[in-house]
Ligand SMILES: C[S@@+](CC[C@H](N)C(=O)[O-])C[C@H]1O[C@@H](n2cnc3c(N)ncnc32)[C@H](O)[C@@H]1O
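Taking the form predicted alone, here's one chain by itself in structure tokens.
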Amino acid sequence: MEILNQLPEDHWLNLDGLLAFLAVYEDEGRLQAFQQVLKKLDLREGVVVEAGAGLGRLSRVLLEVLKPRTLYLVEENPLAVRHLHTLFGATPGVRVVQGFIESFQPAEPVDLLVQEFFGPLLYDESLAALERLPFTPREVFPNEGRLTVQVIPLSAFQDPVLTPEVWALFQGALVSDLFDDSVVPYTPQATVLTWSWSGGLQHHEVDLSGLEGEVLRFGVEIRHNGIHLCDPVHCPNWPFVYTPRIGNRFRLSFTYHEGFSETRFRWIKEP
């Protein structure tokens, strides 16, 4: 989905953000998985903050399942905020707040912060914002994630267009949704990154020596208290990411800038 006509830049950016929300809400598996685990949380009549409420689909689940005393819906996109006011403006206990979560200061202690700031490379969207909160929630949902990697021969995808010559042109680029993911089962071979609310981001040294293949496939797994919630197979909101393999060791790094983490990727030369 993309906007094809010329619009004022600010309006184009806000509408483009709405299109991203629509893609998220097509992911019914994600909503169902979240709902099942949220039902197990003992937070009725508590204070809940949803960071990045978007168009309010998860907000409805939070109201129905948790029955919070107060639900703060924090959202930066002004068009989404307008929609949230339309949906929940008359709902008792719901407060719609426009702005970034790292600038939000609630008027009362927060029992639960609900967030979906994971990117397809785990830390490449907005998880860093949780390190800048001006308040400390009693609990965060989901509170764990990890990024894993698999090495695959290019020939296994049987793609007539992505020949070895064409694939080589993508060296150094991390590309999502590139291959037919169903052709090769995802069997992670190493953990690249882990994140938890209590421990933050952790890098893991990965050495691909002994593994055969020209394609790296990265996949993110989202969990809460050890319970599996989502991965690219079951929740397409977080797609697989691919890059050509040109070595055995690599490094991912992230720089937080204006609400998002920018990703850098480099191969480490062999000694």
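One rule holds for the numbers: they count along the sequence shown, beginning at 1. Remember, predicted model here, so these are calculated numbers, not experimental data.
The form predicted together with the ligand is left out here; the points below concern that form.
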Every residue of L162, D181 and E212 near the ligand in the predicted bound form, heavy atom within 4.5 Å: no
Practice prompt. Tell me, yes or no, whether E76 is in contact with the ligand in the predicted bound form, where a contact means a heavy atom of each within 4.5 Å.
Written response: yes
Tell me, yes or no, whether L58 is in contact with the ligand in the predicted bound form, where a contact means a heavy atom of each within 4.5 Å.
yes
So in the predicted bound form, is the ligand close enough to V192 to count as touching (4.5 Å, heavy atoms)? no
**Request:** Considering only heavy atoms, tell me if G52 and the ligand come within 4.5 Å of each other in the predicted bound form.
**Result:** yes
From D124, E144, E116, D111: within 4.5 Å of the ligand in the predicted bound form by heavy atoms is E116
Interface check vs the ligand in the predicted bound form: of R30, R217, R245, H224, the one with a heavy atom inside 4.5 Å is R30
The stretch from 194 to 202, 147 to 155, 162 to 170, 92 to 100 that lies within 4.5 Å of the ligand in the predicted bound form, judged by heavy atoms, is 92 to 100
